[in-house]
Ligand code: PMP
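Coming up is one lone chain in C-alpha coordinates, specifically the form predicted on its own.
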Amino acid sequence: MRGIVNEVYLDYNGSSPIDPRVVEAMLPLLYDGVGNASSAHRFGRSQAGAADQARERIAALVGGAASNVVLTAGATEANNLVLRGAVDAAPADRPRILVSAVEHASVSRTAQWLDHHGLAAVDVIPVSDGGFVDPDTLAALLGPDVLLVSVMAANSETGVLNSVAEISRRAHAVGALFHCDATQAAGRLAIDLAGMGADFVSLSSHKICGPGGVGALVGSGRSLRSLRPLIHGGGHERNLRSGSLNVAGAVGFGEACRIALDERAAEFVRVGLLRDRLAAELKHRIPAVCENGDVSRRIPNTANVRFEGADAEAVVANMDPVAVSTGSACSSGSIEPSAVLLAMGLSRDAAYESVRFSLGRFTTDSDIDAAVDAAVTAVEYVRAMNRESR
(Lines give C-alpha, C1' and ligand atoms only; values in the text may rest on other atoms or scores of the structure.)
Protein backbone atom coordinates (compact mmCIF):
# COMPACT_ATOMS: atom_id res chain seq x y z
CA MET A 1 0.00 0.00 0.00
CA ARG A 2 1.15 3.52 -0.78
CA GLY A 3 0.96 6.53 1.50
CA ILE A 4 1.87 6.54 5.18
CA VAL A 5 5.26 4.99 5.93
CA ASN A 6 4.86 1.44 7.26
CA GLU A 7 1.12 1.36 6.62
CA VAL A 8 -0.28 -2.14 6.29
CA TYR A 9 -3.73 -2.93 4.93
CA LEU A 10 -5.39 -6.09 6.29
CA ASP A 11 -9.05 -5.24 5.71
CA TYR A 12 -9.61 -6.86 2.31
CA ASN A 13 -13.02 -8.20 3.35
CA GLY A 14 -14.13 -4.60 3.83
CA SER A 15 -12.70 -3.37 0.54
CA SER A 16 -9.62 -4.30 -1.44
CA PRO A 17 -7.05 -2.03 -3.12
CA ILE A 18 -7.65 -1.67 -6.83
CA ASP A 19 -5.21 -3.62 -9.00
CA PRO A 20 -3.11 -1.39 -11.30
CA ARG A 21 -3.96 -3.74 -14.18
CA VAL A 22 -7.63 -2.96 -13.58
CA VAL A 23 -6.94 0.76 -13.68
CA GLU A 24 -5.06 0.30 -16.96
CA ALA A 25 -8.01 -1.54 -18.48
CA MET A 26 -10.40 1.22 -17.42
CA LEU A 27 -8.37 4.20 -18.62
CA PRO A 28 -9.41 4.06 -22.32
CA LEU A 29 -13.06 4.07 -21.25
CA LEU A 30 -12.52 6.96 -18.86
CA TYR A 31 -10.63 9.06 -21.40
CA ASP A 32 -12.35 8.17 -24.66
CA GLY A 33 -15.43 6.18 -23.71
CA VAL A 34 -18.03 8.58 -25.03
CA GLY A 35 -21.46 7.25 -25.91
CA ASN A 36 -24.37 5.49 -24.25
CA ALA A 37 -24.24 1.70 -24.45
CA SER A 38 -27.92 1.71 -25.43
CA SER A 39 -27.38 3.98 -28.45
CA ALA A 40 -27.30 2.52 -31.95
CA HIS A 41 -24.49 4.67 -33.32
CA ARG A 42 -20.86 3.52 -33.46
CA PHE A 43 -19.99 5.12 -30.12
CA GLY A 44 -22.86 3.33 -28.43
CA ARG A 45 -21.99 0.04 -30.08
CA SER A 46 -18.40 0.39 -28.89
CA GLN A 47 -19.57 0.95 -25.32
CA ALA A 48 -22.00 -1.99 -25.54
CA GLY A 49 -19.23 -4.24 -26.85
CA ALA A 50 -16.97 -3.34 -23.95
CA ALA A 51 -19.79 -4.04 -21.49
CA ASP A 52 -20.52 -7.40 -23.15
CA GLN A 53 -16.89 -8.46 -22.82
CA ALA A 54 -17.06 -7.51 -19.15
CA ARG A 55 -20.17 -9.67 -18.72
CA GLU A 56 -18.34 -12.63 -20.22
CA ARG A 57 -15.50 -12.26 -17.73
CA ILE A 58 -17.84 -11.81 -14.78
CA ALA A 59 -19.84 -14.86 -15.82
CA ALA A 60 -16.67 -16.95 -16.25
CA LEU A 61 -15.69 -16.33 -12.63
CA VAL A 62 -18.83 -18.10 -11.40
CA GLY A 63 -19.57 -20.49 -14.27
CA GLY A 64 -22.57 -18.53 -15.48
CA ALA A 65 -23.76 -17.22 -18.82
CA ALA A 66 -22.89 -13.69 -19.94
CA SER A 67 -26.50 -13.10 -20.99
CA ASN A 68 -27.57 -13.74 -17.38
CA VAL A 69 -25.31 -11.13 -15.77
CA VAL A 70 -27.25 -8.18 -14.37
CA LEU A 71 -24.87 -5.33 -13.64
CA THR A 72 -25.60 -3.40 -10.44
CA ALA A 73 -23.99 -0.78 -8.23
CA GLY A 74 -22.71 -3.49 -5.90
CA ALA A 75 -23.65 -6.66 -4.03
CA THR A 76 -25.95 -4.68 -1.73
CA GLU A 77 -28.15 -3.76 -4.69
CA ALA A 78 -27.94 -7.31 -6.06
CA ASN A 79 -29.07 -8.74 -2.70
CA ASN A 80 -31.95 -6.27 -2.50
CA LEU A 81 -32.96 -7.09 -6.06
CA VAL A 82 -33.21 -10.80 -5.25
CA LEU A 83 -35.12 -10.54 -1.99
CA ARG A 84 -37.45 -7.70 -2.85
CA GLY A 85 -37.75 -8.68 -6.51
CA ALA A 86 -38.67 -12.27 -5.67
CA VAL A 87 -41.21 -11.26 -3.02
CA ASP A 88 -42.81 -8.75 -5.38
CA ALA A 89 -43.43 -11.54 -7.88
CA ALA A 90 -44.25 -14.28 -5.35
CA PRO A 91 -47.30 -16.50 -5.65
CA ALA A 92 -49.73 -16.20 -2.75
CA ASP A 93 -49.01 -19.72 -1.49
CA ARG A 94 -45.30 -18.96 -0.89
CA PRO A 95 -45.19 -16.14 1.68
CA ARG A 96 -42.02 -17.17 3.54
CA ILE A 97 -38.33 -16.48 3.04
CA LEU A 98 -35.45 -17.93 5.06
CA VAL A 99 -32.14 -16.14 5.71
CA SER A 100 -29.24 -17.29 7.83
CA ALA A 101 -28.42 -15.58 11.13
CA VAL A 102 -25.00 -14.46 9.84
CA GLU A 103 -25.94 -12.80 6.54
CA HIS A 104 -24.61 -9.41 5.47
CA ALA A 105 -26.81 -6.49 6.49
CA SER A 106 -27.93 -6.02 2.88
CA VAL A 107 -29.69 -9.39 3.22
CA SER A 108 -30.69 -9.41 6.88
CA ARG A 109 -32.01 -5.85 6.99
CA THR A 110 -33.82 -6.22 3.68
CA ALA A 111 -35.51 -9.33 5.07
CA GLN A 112 -36.43 -7.42 8.24
CA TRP A 113 -37.91 -4.61 6.11
CA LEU A 114 -40.01 -7.08 4.14
CA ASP A 115 -41.25 -8.70 7.35
CA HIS A 116 -41.95 -5.36 9.04
CA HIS A 117 -44.06 -4.18 6.10
CA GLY A 118 -45.98 -7.43 5.93
CA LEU A 119 -44.63 -8.31 2.50
CA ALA A 120 -43.08 -11.63 3.56
CA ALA A 121 -42.83 -13.82 6.62
CA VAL A 122 -39.16 -14.16 7.50
CA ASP A 123 -37.55 -16.98 9.46
CA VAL A 124 -33.91 -16.80 10.55
CA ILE A 125 -31.83 -19.96 10.14
CA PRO A 126 -29.63 -20.49 13.23
CA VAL A 127 -25.94 -21.30 12.81
CA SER A 128 -23.66 -23.67 14.66
CA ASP A 129 -21.01 -22.60 17.16
CA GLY A 130 -18.62 -22.84 14.21
CA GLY A 131 -20.60 -20.20 12.33
CA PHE A 132 -22.15 -22.25 9.52
CA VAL A 133 -25.65 -23.39 8.61
CA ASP A 134 -26.35 -27.05 9.34
CA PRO A 135 -28.45 -28.34 6.42
CA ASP A 136 -30.50 -30.42 8.85
CA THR A 137 -31.36 -27.29 10.82
CA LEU A 138 -32.47 -25.65 7.59
CA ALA A 139 -34.56 -28.70 6.68
CA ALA A 140 -36.62 -28.28 9.85
CA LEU A 141 -37.69 -24.82 8.66
CA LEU A 142 -38.43 -25.70 5.06
CA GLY A 143 -41.88 -26.32 3.67
CA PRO A 144 -43.96 -25.83 0.52
CA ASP A 145 -44.71 -22.25 1.58
CA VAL A 146 -41.06 -21.14 1.33
CA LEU A 147 -40.32 -18.87 -1.61
CA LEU A 148 -36.60 -18.19 -1.17
CA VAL A 149 -33.63 -19.31 0.91
CA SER A 150 -30.66 -16.94 1.19
CA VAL A 151 -27.40 -18.28 2.63
CA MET A 152 -23.98 -16.77 1.93
CA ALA A 153 -21.05 -18.78 0.63
CA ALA A 154 -18.43 -17.35 3.02
CA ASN A 155 -18.93 -15.11 6.02
CA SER A 156 -17.26 -11.70 5.82
CA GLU A 157 -16.30 -11.62 9.50
CA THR A 158 -15.12 -15.16 10.16
CA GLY A 159 -14.47 -16.50 6.66
CA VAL A 160 -16.47 -19.63 7.55
CA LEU A 161 -17.94 -21.49 4.59
CA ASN A 162 -21.42 -22.91 4.18
CA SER A 163 -22.30 -26.16 2.40
CA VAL A 164 -24.16 -24.27 -0.27
CA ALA A 165 -24.64 -27.17 -2.68
CA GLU A 166 -26.42 -29.21 0.00
CA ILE A 167 -28.37 -26.18 1.21
CA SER A 168 -29.47 -25.53 -2.37
CA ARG A 169 -30.55 -29.16 -2.77
CA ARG A 170 -32.69 -28.94 0.36
CA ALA A 171 -34.27 -25.67 -0.77
CA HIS A 172 -35.05 -26.96 -4.25
CA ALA A 173 -36.62 -30.11 -2.79
CA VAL A 174 -39.53 -27.98 -1.54
CA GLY A 175 -39.64 -25.84 -4.68
CA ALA A 176 -37.90 -22.80 -3.16
CA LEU A 177 -35.38 -20.58 -4.92
CA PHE A 178 -31.83 -20.44 -3.56
CA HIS A 179 -29.81 -17.23 -3.40
CA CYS A 180 -26.14 -17.15 -2.44
CA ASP A 181 -24.26 -13.98 -1.56
CA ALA A 182 -20.86 -15.01 -2.94
CA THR A 183 -19.18 -11.65 -2.34
CA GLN A 184 -16.40 -12.96 -0.10
CA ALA A 185 -15.90 -16.33 -1.79
CA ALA A 186 -15.71 -15.16 -5.40
CA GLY A 187 -12.14 -14.88 -6.59
CA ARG A 188 -10.87 -16.83 -3.59
CA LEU A 189 -12.57 -20.16 -4.19
CA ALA A 190 -13.82 -21.94 -7.30
CA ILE A 191 -17.50 -21.13 -7.79
CA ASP A 192 -19.76 -22.84 -10.28
CA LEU A 193 -23.33 -21.62 -10.49
CA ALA A 194 -24.72 -24.95 -11.70
CA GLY A 195 -22.52 -27.07 -9.45
CA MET A 196 -23.59 -25.23 -6.33
CA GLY A 197 -27.20 -25.25 -7.48
CA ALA A 198 -27.72 -21.54 -6.95
CA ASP A 199 -30.52 -19.73 -8.72
CA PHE A 200 -28.76 -16.42 -8.00
CA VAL A 201 -25.32 -15.33 -6.84
CA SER A 202 -24.38 -11.78 -5.81
CA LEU A 203 -20.93 -10.34 -6.52
CA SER A 204 -19.02 -7.16 -5.74
CA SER A 205 -16.14 -5.68 -7.71
CA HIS A 206 -14.29 -3.91 -4.91
CA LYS A 207 -13.85 -7.15 -2.96
CA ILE A 208 -11.65 -8.60 -5.74
CA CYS A 209 -9.38 -5.61 -6.41
CA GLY A 210 -11.78 -3.98 -8.86
CA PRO A 211 -13.37 -0.53 -8.78
CA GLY A 212 -15.98 0.41 -6.21
CA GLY A 213 -19.60 1.02 -7.07
CA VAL A 214 -19.98 -2.00 -9.37
CA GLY A 215 -21.45 -5.44 -8.74
CA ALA A 216 -23.56 -8.08 -10.37
CA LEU A 217 -26.38 -10.50 -9.90
CA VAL A 218 -25.80 -13.67 -11.89
CA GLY A 219 -28.50 -16.30 -12.26
CA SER A 220 -30.22 -18.64 -14.61
CA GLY A 221 -32.55 -17.21 -17.23
CA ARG A 222 -35.54 -18.83 -15.56
CA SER A 223 -34.70 -17.53 -12.09
CA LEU A 224 -34.06 -13.99 -13.32
CA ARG A 225 -37.47 -14.01 -14.99
CA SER A 226 -38.99 -14.67 -11.54
CA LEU A 227 -37.88 -11.24 -10.27
CA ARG A 228 -39.41 -7.79 -10.50
CA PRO A 229 -37.21 -4.68 -10.80
CA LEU A 230 -36.41 -2.23 -8.01
CA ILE A 231 -35.43 0.54 -10.44
CA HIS A 232 -37.74 1.42 -13.29
CA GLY A 233 -36.94 3.29 -16.45
CA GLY A 234 -35.65 2.29 -19.85
CA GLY A 235 -35.70 -1.46 -19.24
CA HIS A 236 -31.96 -2.04 -19.15
CA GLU A 237 -30.36 -5.22 -17.78
CA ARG A 238 -33.09 -7.68 -18.77
CA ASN A 239 -35.68 -5.13 -17.55
CA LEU A 240 -34.35 -5.62 -14.01
CA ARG A 241 -32.12 -2.59 -13.53
CA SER A 242 -32.87 0.49 -15.58
CA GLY A 243 -30.23 3.18 -16.06
CA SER A 244 -27.33 3.92 -18.36
CA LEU A 245 -24.46 1.53 -17.77
CA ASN A 246 -21.29 2.47 -15.93
CA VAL A 247 -19.22 0.95 -18.72
CA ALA A 248 -15.81 1.90 -17.32
CA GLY A 249 -16.75 0.35 -13.99
CA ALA A 250 -18.05 -2.78 -15.69
CA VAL A 251 -14.83 -3.11 -17.70
CA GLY A 252 -12.80 -2.75 -14.50
CA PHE A 253 -14.95 -5.38 -12.80
CA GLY A 254 -14.51 -7.70 -15.77
CA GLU A 255 -10.75 -7.29 -15.71
CA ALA A 256 -10.71 -7.93 -11.96
CA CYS A 257 -12.65 -11.15 -12.58
CA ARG A 258 -10.22 -12.21 -15.30
CA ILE A 259 -7.23 -11.68 -13.03
CA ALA A 260 -8.90 -13.42 -10.10
CA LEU A 261 -9.74 -16.45 -12.22
CA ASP A 262 -6.21 -16.69 -13.61
CA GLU A 263 -4.46 -16.26 -10.26
CA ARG A 264 -6.94 -17.82 -7.83
CA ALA A 265 -5.24 -21.17 -7.30
CA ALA A 266 -1.82 -19.68 -6.57
CA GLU A 267 -3.26 -16.96 -4.36
CA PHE A 268 -5.28 -19.52 -2.39
CA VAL A 269 -2.04 -21.17 -1.31
CA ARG A 270 0.05 -18.03 -0.84
CA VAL A 271 -2.50 -16.06 1.15
CA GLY A 272 -3.50 -19.09 3.19
CA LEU A 273 0.07 -19.60 4.33
CA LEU A 274 0.33 -15.93 5.31
CA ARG A 275 -2.94 -16.10 7.25
CA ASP A 276 -1.85 -19.24 9.09
CA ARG A 277 1.48 -17.66 10.02
CA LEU A 278 -0.29 -14.55 11.27
CA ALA A 279 -2.61 -16.57 13.50
CA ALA A 280 0.21 -18.76 14.81
CA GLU A 281 2.39 -15.75 15.65
CA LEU A 282 -0.45 -13.97 17.44
CA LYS A 283 -1.12 -17.05 19.58
CA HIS A 284 2.59 -17.51 20.27
CA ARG A 285 3.32 -13.93 21.30
CA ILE A 286 0.09 -12.87 23.01
CA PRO A 287 -1.50 -14.78 25.94
CA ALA A 288 -5.20 -15.69 25.92
CA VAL A 289 -5.81 -15.58 22.17
CA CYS A 290 -8.18 -17.77 20.20
CA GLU A 291 -9.76 -17.83 16.75
CA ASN A 292 -13.51 -17.60 16.27
CA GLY A 293 -15.37 -19.90 13.91
CA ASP A 294 -14.63 -23.31 12.49
CA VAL A 295 -11.05 -22.91 11.23
CA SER A 296 -11.30 -26.13 9.20
CA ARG A 297 -13.84 -24.63 6.78
CA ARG A 298 -13.07 -21.04 5.82
CA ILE A 299 -11.71 -18.93 3.00
CA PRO A 300 -7.91 -18.69 3.06
CA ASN A 301 -7.53 -14.99 3.78
CA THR A 302 -9.54 -14.48 6.97
CA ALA A 303 -8.84 -14.86 10.68
CA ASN A 304 -11.24 -13.61 13.35
CA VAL A 305 -9.22 -13.40 16.56
CA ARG A 306 -10.31 -12.81 20.14
CA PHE A 307 -7.85 -11.04 22.45
CA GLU A 308 -9.29 -11.81 25.87
CA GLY A 309 -9.43 -8.79 28.15
CA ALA A 310 -8.79 -6.26 25.38
CA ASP A 311 -11.59 -4.23 23.78
CA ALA A 312 -11.36 -4.78 20.04
CA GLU A 313 -12.20 -1.20 19.07
CA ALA A 314 -9.35 0.04 21.25
CA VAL A 315 -6.99 -2.57 19.81
CA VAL A 316 -7.87 -1.54 16.25
CA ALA A 317 -7.35 2.14 17.04
CA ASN A 318 -3.96 1.45 18.61
CA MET A 319 -2.73 -0.70 15.71
CA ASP A 320 -2.70 2.25 13.29
CA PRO A 321 -1.15 2.45 10.65
CA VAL A 322 -1.96 -1.28 10.41
CA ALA A 323 -5.57 -1.47 9.22
CA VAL A 324 -7.77 -4.24 10.62
CA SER A 325 -11.43 -4.17 11.66
CA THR A 326 -14.09 -5.39 14.03
CA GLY A 327 -17.57 -6.65 13.29
CA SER A 328 -19.11 -4.19 15.73
CA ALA A 329 -21.74 -1.72 14.58
CA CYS A 330 -22.45 1.83 15.74
CA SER A 331 -26.13 2.25 16.58
CA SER A 332 -27.62 5.38 18.19
CA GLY A 333 -24.19 6.49 19.33
CA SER A 334 -23.31 3.22 21.08
CA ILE A 335 -21.15 0.38 19.85
CA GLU A 336 -22.97 -2.91 19.51
CA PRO A 337 -21.10 -6.23 19.32
CA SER A 338 -20.97 -8.26 16.14
CA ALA A 339 -24.32 -9.85 15.36
CA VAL A 340 -22.46 -12.64 13.57
CA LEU A 341 -20.43 -13.59 16.63
CA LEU A 342 -23.46 -13.37 18.91
CA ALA A 343 -25.37 -15.67 16.56
CA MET A 344 -22.53 -18.17 16.92
CA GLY A 345 -23.06 -18.22 20.68
CA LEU A 346 -20.21 -15.96 21.79
CA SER A 347 -20.86 -13.76 24.80
CA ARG A 348 -21.10 -10.01 24.36
CA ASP A 349 -17.72 -9.64 26.08
CA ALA A 350 -16.10 -12.15 23.73
CA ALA A 351 -17.62 -10.43 20.69
CA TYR A 352 -16.36 -7.05 21.90
CA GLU A 353 -12.85 -8.52 22.10
CA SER A 354 -12.70 -9.90 18.55
CA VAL A 355 -10.73 -8.46 15.63
CA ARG A 356 -10.90 -9.45 11.96
CA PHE A 357 -7.70 -9.77 9.94
CA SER A 358 -8.36 -10.17 6.21
CA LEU A 359 -5.49 -10.51 3.75
CA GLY A 360 -5.28 -10.24 0.00
CA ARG A 361 -3.36 -9.92 -3.25
CA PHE A 362 -0.87 -7.29 -2.11
CA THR A 363 -0.23 -8.68 1.39
CA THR A 364 3.44 -9.54 1.96
CA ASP A 365 5.51 -11.37 4.56
CA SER A 366 6.70 -8.04 5.94
CA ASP A 367 3.07 -6.94 6.30
CA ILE A 368 2.44 -9.96 8.52
CA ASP A 369 5.50 -9.16 10.63
CA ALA A 370 4.34 -5.55 11.05
CA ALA A 371 0.78 -6.59 11.88
CA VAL A 372 1.89 -9.04 14.56
CA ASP A 373 4.20 -6.47 16.15
CA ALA A 374 1.43 -3.86 16.11
CA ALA A 375 -1.10 -6.28 17.61
CA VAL A 376 1.29 -7.26 20.40
CA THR A 377 1.87 -3.61 21.32
CA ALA A 378 -1.81 -2.67 21.06
CA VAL A 379 -3.14 -5.60 23.08
CA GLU A 380 -0.56 -5.12 25.82
CA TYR A 381 -1.41 -1.41 26.00
CA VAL A 382 -5.20 -1.94 26.09
CA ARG A 383 -4.94 -4.67 28.70
CA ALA A 384 -2.71 -2.45 30.85
CA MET A 385 -5.21 0.41 30.60
CA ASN A 386 -7.99 -1.96 31.64
CA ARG A 387 -6.03 -3.06 34.69
CA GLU A 388 -5.34 0.53 35.72
CA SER A 389 -8.98 1.50 35.39
CA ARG A 390 -10.19 -1.16 37.81
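In this text, residue numbers run from 1 along the sequence as written. Keep in mind the model is a prediction, meaning the values are calculated, not measured.
Although it is not shown, the form predicted together with this ligand is what the next lines describe.
Trainee: Give me the residue from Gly249, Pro229, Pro135, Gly74 that has a heavy atom within 4.5 Å of this ligand in the model of the complex.
Mentor: Flagged contact: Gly74.
Trainee: Just give me the single entry in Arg94, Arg275, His206, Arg258 that has a non-hydrogen atom within 4.5 angstroms of this ligand in the model of the complex.
Mentor: It is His206.
Trainee: Where does this ligand sit in the model of the complex: which of 113-121, 297-305, 143-151, 76-84, heavy atoms within 4.5 Å?
Mentor: Heavy-atom contact with the partner occurs in 76-84.
Trainee: Identify whether this ligand in the model of the complex is within 4.5 Å of every residue in the set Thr158, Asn292 and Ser325, based on non-hydrogen atoms.
Mentor: None of them does, since no heavy atom lies within 4.5 Å of the partner.
Trainee: Answer for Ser106 alone: is it within 4.5 Å of this ligand in the model of the complex, judged on heavy atom distances?
Mentor: So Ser106 counts as contacting this ligand.
Trainee: Just checking whether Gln184 would be counted as a contact of this ligand in the model of the complex - the rule being heavy atoms within 4.5 angstroms.
Mentor: Yes.
Trainee: Of 13-44, which residues get within 4.5 Å of this ligand in the model of the complex if you count heavy atoms?
Mentor: The stretch touches the partner through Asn13 alone.
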